[in-house]
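Before any questions on how it binds or moves, here is one chain, the form predicted on its own, in structure tokens.
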């Protein structure tokens, strides 16, 4: 019942459109029952020799007029019923997309992208079919069946009952085949999904495939899955191919009964020849509603099941949301972290433990640590991608939980290690944070990120299409474009999460030198594996297993002769070896 309430809720906005569409559908269902009667009357006139030219013109004109009216009416109900179903689908897709954007990071950690894509395509399509084709089938099945049977019974009760014997089997076959076809169709979708995944993965990783000379292996893998996709589709085609001839065969039995019994009735004068012909046409009219009875159950079941899956997602609440926030328009860059301990959902050990830090606006914080030490976790918490306890993180002297998410994230510029670029131009990628295109700002930010000269060397310059996830660019170029995109935002806080890992040491020096003047007015956090990236920071912390194990200036940490000094010595040796090789 709740599912039907949900359907009503989504369609209520378009109830008048549906009302118009169903009204015209009912009219057409009734009007299409008139031509068999007219043809029956005309046949009787012709058989008795009473037909005149005027009769022919009259009945032919009426039939043409009715056919034209049916064509117009069918166009109208299709526009209003199918159109309304499309509008509901449009609204639901917008609502789903908007809701998915609001959900927290943890939701995406637990749900596959492919499953969410299936909701926005296959499941929404199933709901649309219920609200479009399903409504038409229900209406036709009920109205056409009742009205057609009423007319046939008025002609001859016994003949009607005899002629209808095979038709319930049409509904039974449609129901049984409908379930089989539905299951086969799901397998086809699943097979196509796997095939699409393989293709997408190959195109995304084409450079890896070529570098490891795996083209033939991947082709064999694709061919195998493509063969499975072909076989799955052929199974569906065979069922479809069997279904319609079987329905036609069962329906033809009604015509066989009608021809035998009805023909006898005509000979003995129980019914007229015109009634016999009309009877034949009404039997043909009944085949569709009998099929509709079987189909509509499967369509509605599938639509309601899909609606339930969509509703489950729509009922998901974001873990991170504004609650009792302050009315802020501006946020300064002071950062204070007090006794912060954090565990990811469904994990036992803390990712960060007893973190205490203070960074003033205009200062730079350097963070060093091995992989898995908690560096990126700290950044995720500053961006509030996950919830933290009250009174643990303060920005601008305000508890992070009291800061509106929009203001918080607008105030932070974040450059991740995995630089994601959209498959559009370099200009549009860099200009992403701005409402209006500002080429002067774009050029300035690319110069600061030391990518300007590289862009000018491209054939299309700033209009270069970077491809999916920036596939046409090198790792270092993607990182520098990401830096430019963050700088153009002009935030109060800059966070660089190991975003210089793909550039050489010389380029790194150039970028850090360019950023010095910009970083003077901002709070900056540089996370890196390289000592050279953080050695000039106002404060450097060393993280290990989620804890701060060392803290101080570069010179102080060297004197401690601990983890930081060990990393520094190792990197000095590596740099010396590299310089000797050159």
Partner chain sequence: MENFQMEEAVVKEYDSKLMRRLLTFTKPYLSSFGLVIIIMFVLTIADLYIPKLVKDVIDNNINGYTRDYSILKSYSPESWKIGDLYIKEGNIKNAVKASIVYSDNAYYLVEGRVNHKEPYKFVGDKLLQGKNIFKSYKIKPSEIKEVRRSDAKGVLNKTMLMLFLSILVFLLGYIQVYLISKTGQKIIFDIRQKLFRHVEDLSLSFFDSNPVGRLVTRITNDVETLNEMYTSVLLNLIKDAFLIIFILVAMFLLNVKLALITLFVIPVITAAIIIFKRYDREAYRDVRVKLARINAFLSENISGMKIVQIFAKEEKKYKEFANINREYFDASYHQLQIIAIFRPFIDLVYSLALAALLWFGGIRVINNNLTFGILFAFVSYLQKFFQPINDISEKYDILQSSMASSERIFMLLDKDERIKNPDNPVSIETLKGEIEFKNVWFAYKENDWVLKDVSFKINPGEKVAFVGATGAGKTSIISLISRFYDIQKGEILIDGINIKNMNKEDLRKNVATVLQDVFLFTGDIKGNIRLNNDEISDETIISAARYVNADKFIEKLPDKYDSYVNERGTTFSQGERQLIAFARAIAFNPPILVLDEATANIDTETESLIQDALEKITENRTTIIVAHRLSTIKKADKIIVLHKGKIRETGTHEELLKREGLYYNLYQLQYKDLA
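Predicted model only: the values in this text are computed from it and were never measured. Numbering follows the first chain given and starts at 1.
This protein has a second form, the form predicted in complex with the partner chain, left out of what is shown; the following refers to that one.
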Partner-proximal stretch of 163-171, 140-148, 297-305, 418-426 relative to the partner chain in the predicted complex, 4.5 angstroms, heavy atom: 418-426
Candidate site 102, 215 and 577: all three near the partner chain in the predicted complex by heavy atom within 4.5 Å: yes
Residue 94, heavy atom within 4.5 angstroms of the partner chain in the predicted complex: yes
Any non-hydrogen atom of residue 486 within 4.5 angstroms of the partner chain in the predicted complex: yes
4.5 angstroms heavy atom contact with the partner chain in the predicted complex for residue 372: no
In the predicted complex, residue 517 touching the partner chain (heavy atom, 4.5 Å): no
In the predicted complex, the residue from 120, 439, 509, 328 that sits within 4.5 Å of the partner chain by heavy atoms: 120
532, 513, 67, 556 - the one with a heavy atom within 4.5 Å of the partner chain in the predicted complex: 67
Heavy atom contacts to the partner chain in the predicted complex at 4.5 Å, residues of 256-270 in sequence order: 256, 259, 260, 263, 264, 266, 267, 268, 269, 270
